[in-house]
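We begin with a single chain expressed as structure tokens, specifically the form predicted on its own.
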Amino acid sequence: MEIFGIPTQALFGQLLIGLINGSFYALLSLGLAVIFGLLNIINFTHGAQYMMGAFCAYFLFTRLGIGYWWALAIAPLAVGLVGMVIERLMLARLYKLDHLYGLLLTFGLALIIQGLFPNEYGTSEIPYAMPQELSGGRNLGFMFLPNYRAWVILASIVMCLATWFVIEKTRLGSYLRAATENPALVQAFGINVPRMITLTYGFGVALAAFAGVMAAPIYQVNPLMGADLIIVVFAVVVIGGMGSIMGSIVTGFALGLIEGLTKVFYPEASNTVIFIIMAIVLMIKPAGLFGTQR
């Protein structure tokens, strides 16, 4: 069976790949949106922290024998704690300065982190086994759906929607948003704003590490796995709107699907289609699809 002259299995296979890529785009851009929207920091270290999540899971397995499920809980916490230390020691000194200073600092940190790992592990990919419970797959008739891929998509959707709900619909989220607008007023109500900012940055970093752990069985562990991806993720954030939580989620999944379809109908443009869309969006709506002018 064919659709538009394309075999059905090939078409849906590329859509599945697009959904998987979109899952990681959404998770990573969500972390960036949380950090920028609530802290006004452009976190260029995000790709390196995504890589750190994958390596943390690898270390837990090879050194301590800790499997995938525990690593999925421990690695984001560990990398998030490292992020909180970075925020307290370095980023906290830059909040009153121009965004460019935070961008330069996080860019420099990313280069340092990405330079340390290849010295020890090279640039080759290191296998990381998926959990036995999620091996195999299901034949849906029109395509074969691997269980682990389905888990990645479902876990990403749940994590993204849970984050959106907490920030947009709960009292904690209202405190976070208020702290970005008027920290002195929020502090007057007895809320420790610096601690809240540190925890928020740690959470955004933990989202990147969570994505890294889930990506490890699919893309394998590689010191440079976040270097190219972070450029695409920044494009996703810009298209969705800097700081827009829902914009990052919707745009991440949508652009993953568009990228997958482009590989079917016009493969030559698959590596540039997201940047073409970004250029068009910026010409029409500079604040992004879901963003607002600051």
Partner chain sequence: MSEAALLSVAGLNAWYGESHVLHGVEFEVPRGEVVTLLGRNGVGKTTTLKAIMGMVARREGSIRFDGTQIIALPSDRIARLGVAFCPEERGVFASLNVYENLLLPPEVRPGGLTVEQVFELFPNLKERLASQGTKLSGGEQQMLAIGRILRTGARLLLLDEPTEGLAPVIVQQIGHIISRLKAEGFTILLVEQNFRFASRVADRHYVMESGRMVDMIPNAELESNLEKVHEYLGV
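Numbering follows the first chain given and starts at 1. All of these numbers come straight from a predicted model, not from anything done at the bench.
Same protein, other form: the form predicted together with the partner chain, not shown, and the subject of what follows.
- A residue is said to contact a partner when one of its heavy atoms sits within 4.5 Å of a partner heavy atom; Val186 meets this definition for the partner chain in the model of the complex.
- Residue contact check for Arg138: none of its heavy atoms lie within 4.5 Å of the partner chain in the model of the complex.
- In the model of the complex, the partner chain stays beyond 4.5 Å of every heavy atom belonging to Arg88.
- Contact annotation for Tyr219: none of its heavy atoms lies within 4.5 Å of the partner chain in the model of the complex.
- Comment: 164-172 is the region of 126-134, 211-219, 164-172, 150-158 lying near the partner chain in the model of the complex, near meaning a non-hydrogen atom within 4.5 Å.
- Taking Ile191, Leu224, Val82, Leu199 one by one, only a single residue has any non-hydrogen atom within 4.5 Å of the partner chain in the model of the complex, and it is Ile191.
- In summary, among the residues Met143, Ala178, Leu77, Ala92, the only one with a non-hydrogen atom within 4.5 Å of the partner chain in the model of the complex is Ala178.
- In the model of the complex, not one residue of 147-163 has a heavy atom within 4.5 Å of the partner chain.
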